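This document opens with one chain alone, in structure tokens, the form predicted alone.
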């Protein structure tokens, strides 16, 4: 697909026009804590230099709490009412590649044995404009999970900074092409050159582990001392799951809205909580944190790959940066790779 040269001024003009047409616009907040909704085009962030936000944009597609239906009881008669369908048209500006890549990963599970119409509608109504990432710290490991700071997976439009306030705008998806064609001032100057990605690779995050080796070891070592080592540290707070762009555990509960009415709600949950697998009988197959952390690693780097041919991780490093006891999941996977290498020798 085609690429164009755009300026920061053009991007601001695009945002202003979208706001005038009642689109919702989200971008990373100035403090890099979350994605916030913008009220003005001046708030748009298209900065590849900053670290990923503390919290991913996952909740824009998979809300923390979502009503599935309402129910009302009148004597013996029960009436079910559907909630309003998600209909807001949304544009996300300046997402990191490690955020954008989470959308197709999540789509696999939300369209597995049941098509989640709410999730799909939000994806359909959202344009993801991501930007090449020039930030890297000790927690980043996107290259270890098959991505890179220039990955376009999950993006509709992709920005590559070239010089001050100037970008290459790459059209990635058909949805992105249809969207950008509605704004002719954004596609006036076509980019006719070639972008040399090879020169950028020296600045990419170092590959910390080999995924294939890790997956092979996980498939053969359900019981190992490493889970006790990590489990003794883990608090089970689920910070890692809640900031993660791909974690998707949820619970479904019925809540009262009044004396004779209520709603069924889907709420975020986590496999790191002790109650997550506790049976009504009182039995818990994952009764300690070592087993729960083992489940987290296996789900991301073994089970999900088996079922959906996707790694349930984009290497954003949020779980590590925010962990209150400094558990580094990449370091855990490095140790696993060392165990696999030792087993081969």
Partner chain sequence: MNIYKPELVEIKEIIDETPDIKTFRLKFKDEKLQNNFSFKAGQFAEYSVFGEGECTFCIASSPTRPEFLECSFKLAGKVTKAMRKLKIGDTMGLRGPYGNSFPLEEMKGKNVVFIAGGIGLAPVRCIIWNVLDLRSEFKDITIIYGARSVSDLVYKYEIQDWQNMPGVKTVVTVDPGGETSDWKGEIGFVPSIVEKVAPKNENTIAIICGPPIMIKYTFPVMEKLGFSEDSIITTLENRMKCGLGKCGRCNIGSVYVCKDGPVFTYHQLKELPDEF
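Worth saying up front: this structure is predicted, and the values here are computed from it rather than measured. Residue numbers count along the first chain shown, from 1.
Not on display, but discussed next: the form predicted together with its partner chain.
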{"property": "Answer range among 163-171, 105-113, 176-184, 194-202 for contact with its partner chain, defined in the predicted bound form as heavy atoms within 4.5 Å", "result": "105-113"}
{"property": "is_contact(residue 277, its partner chain) in the predicted bound form, heavy atom dist at most 4.5 Å", "result": "yes"}
{"property": "Its partner chain contact at residue 188 in the predicted bound form, heavy atom, 4.5 Å", "result": "no"}
{"property": "Touches its partner chain in the predicted bound form: residue 27 (any heavy atom, 4.5 Å)", "result": "no"}
{"property": "Its partner chain contact in the predicted bound form: residue 215, any heavy atom under 4.5 Å", "result": "no"}
{"property": "Every residue of 8, 41 and 50 near its partner chain in the predicted bound form, heavy atom within 4.5 Å", "result": "no"}
{"property": "Within 4.5 Å of its partner chain in the predicted bound form: residues from 252-289 (heavy atom criterion)", "result": "252, 254, 256, 264, 266, 269, 275, 276, 277, 278, 279, 280, 283, 285, 286"}
